[in-house]
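Given next, in structure tokens, is a single chain: the form predicted on its own.
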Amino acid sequence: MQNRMLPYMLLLPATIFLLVFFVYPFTLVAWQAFATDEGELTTKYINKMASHWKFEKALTYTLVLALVIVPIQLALSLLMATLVSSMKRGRDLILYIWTIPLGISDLAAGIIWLAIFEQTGFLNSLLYSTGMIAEPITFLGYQDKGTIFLAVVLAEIWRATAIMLVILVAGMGLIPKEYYEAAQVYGANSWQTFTKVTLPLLKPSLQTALILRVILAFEVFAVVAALGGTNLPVLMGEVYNRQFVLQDNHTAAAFAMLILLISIISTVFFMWSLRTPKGASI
């Protein structure tokens, strides 16, 4: 009897944690999104969210940012992980340097890149000192949404690529060397080894890295707020604005539920598209 109950007892703390810190808050947010203060079920807050003039822009910018940032980060992290895994000396030092941005908060990263792009920032100073411009350029002005978008993309790539890098380096470390030795015996070149050996066996790590990074991409806020303020609306920014500025917690909950829905859809997609065939193992 004790042996049968042991697995459930070991899972109990994690189950309680999920119930208290995920299921309960999720239930409260869902109730706020679909119920009035009097307890009546309604969709008026969903309709209010969808009919607001900022909704389409916030949704579009959030999705486009994810579609631009995540593929670039995936390519960079794969390249960086491959380089790190192939190094015989200095591997730990290089990995440490590349993961330094992990210790920087979203807001701090945004402020760092604001110091680069603002009128008195590093980029204007560099261009002026080299004689390329006669006066400072306003990169992050109200009308410069393209530049703000580019600045956010650069800041996010610099800040969060290391998240995927760490997961992929760990995944590559689990691939047995025998597979690579067999590829060499059969005359496979570097690209063939990468596509036929590394990528297929890296699927579980790719799945985890992509799910985590895409979910975080949908929640981008602090970097956008630092670089663009309200000039570049995103879904998480609307959650903050509704909850703390306008004190409209019902509509804020509706935005939060939308972010959760998009995150669930993306998670299911990556779990399905990067699933490991049954019975397959490294």
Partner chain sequence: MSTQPNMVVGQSRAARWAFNGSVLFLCLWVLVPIYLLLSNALSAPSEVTAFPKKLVPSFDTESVEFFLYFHGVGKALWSSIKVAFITMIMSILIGAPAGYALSRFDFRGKNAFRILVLMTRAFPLPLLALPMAVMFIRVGLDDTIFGLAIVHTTLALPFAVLITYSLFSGIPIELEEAAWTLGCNRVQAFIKVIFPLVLPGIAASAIFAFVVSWNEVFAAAVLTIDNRTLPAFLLQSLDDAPLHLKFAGGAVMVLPALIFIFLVRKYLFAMWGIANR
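Residue numbers count along the first chain shown, from 1. In this text the structure is predicted, and so the values were computed from the model without any measurement.
What comes next is about the form predicted in complex with its partner chain, which is not displayed.
Partner-contacting position among Leu232, Ala66, Met49, Ala256 - heavy atom within 4.5 Å of its partner chain in the predicted bound form
Answer to the contact question: Ala256.
Using a 4.5 Å heavy atom cut-off, state whether Phe149 contacts its partner chain in the predicted bound form.
Phe149 lies outside the contact set for its partner chain.
Test of understanding: in the predicted bound form, would Leu260 fall inside 4.5 Å of its partner chain by heavy atoms?
Heavy-atom contact with its partner chain at 4.5 Å: present for Leu260.
Taking its partner chain as it sits in the predicted bound form, is Phe221 in contact with it (heavy atom to heavy atom, 4.5 Å or less)?
Heavy-atom contact with its partner chain at 4.5 Å: present for Phe221.
Heavy atoms within 4.5 Å of its partner chain in the predicted bound form: does Thr15 have any?
Answer yes; at least one heavy atom of Thr15 falls within 4.5 Å of its partner chain in the predicted bound form.
Using a 4.5 Å cut-off on any heavy atom, which residues of 105-127 would contact its partner chain in the predicted bound form?
Heavy-atom contacts within 4.5 Å come from Ser105, Asp106, Leu107, Ala108, Ile111, Ile112, Trp113, Leu114, Ala115, Ile116, Glu118, Gln119, Thr120, Gly121, Phe122, Asn124, Ser125.
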